[in-house]
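The chain that follows stands alone, in the form predicted alone, written as C-alpha cells.
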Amino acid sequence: MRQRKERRISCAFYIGRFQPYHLGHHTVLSSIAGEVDEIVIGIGSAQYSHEIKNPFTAGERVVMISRSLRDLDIDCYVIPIEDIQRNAVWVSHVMSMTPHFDLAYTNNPLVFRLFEDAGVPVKRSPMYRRDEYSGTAIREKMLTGEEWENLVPDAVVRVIEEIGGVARLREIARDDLG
C-alpha cells in the first residue's frame, strides 16, 4: 500500500489587534510556524490609535511584531488592515490587502464563520494562558503601574519605551476619564 504524504500548508493568515503584541500571540505564531512555510499577520483595526482600547498605531504594531519575530525562522508578512464594517465583503477585503494564504487561524467566532463562508479553510488557533496574556490586562497593568513587561517579548518592551507608550496610554486615560 502506498503511503500518502501529508500536504503541508504553504501560507497561513493570523489576525489580531495586537494592542500590544504579547507572549500569547508569540506562542500562537510559534506554533503556527511549525505547520506552515509562511505567515501573513493581519493587524486588525489598523485605523485606530491613541485610544484606551487601541493606544498604538498600526506602524508601531508592525514594528513590535516584526522585531519580535526576527528569530522565528519563518517568512512573515505583517499587514495593517483597516476595518470596513461590512461582514459580507470582509474576507475579500482582507485578501485584497494581503499576499495569498491557504489557511486562516482564528478563535473569533465571527471571523471563523466569515472565512468558512468564503470557502477559506480555517482552524482554531491554539490558546496560551489567555487569562494572563491579554491586551486588555496588559494595558490595565500599564495604567496602574503594575509590572507588564514580563507579558510581552523584549522587543515590544523596547518599542513601547521608545514611543513613550505607557505615558501616552495614561494621558489618553486621563483625558477619557476626566
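Residue numbers here begin at 1 and follow the sequence given. Just so we're clear, the structure is a prediction, and the values are computed from it rather than from any experiment.
Omitted here: the form predicted in complex with ligand ATP. The next part is about that form.
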Point to revise | Candidate stretches 140 to 148, 121 to 129, 62 to 70, 33 to 41, one within 4.5 Å of ligand ATP in the model of the complex by heavy atom | key: 121 to 129
Point to revise | Triplet 15, 18 and 106 all within 4.5 Å of ligand ATP in the model of the complex via a heavy atom | key: yes
Point to revise | Non-hydrogen atom contact residue 136 with ligand ATP in the model of the complex at 4.5 angstroms | key: yes
Check your understanding: Heavy atom to heavy atom, is residue 28 within 4.5 Å of ligand ATP in the model of the complex?
Key -> yes
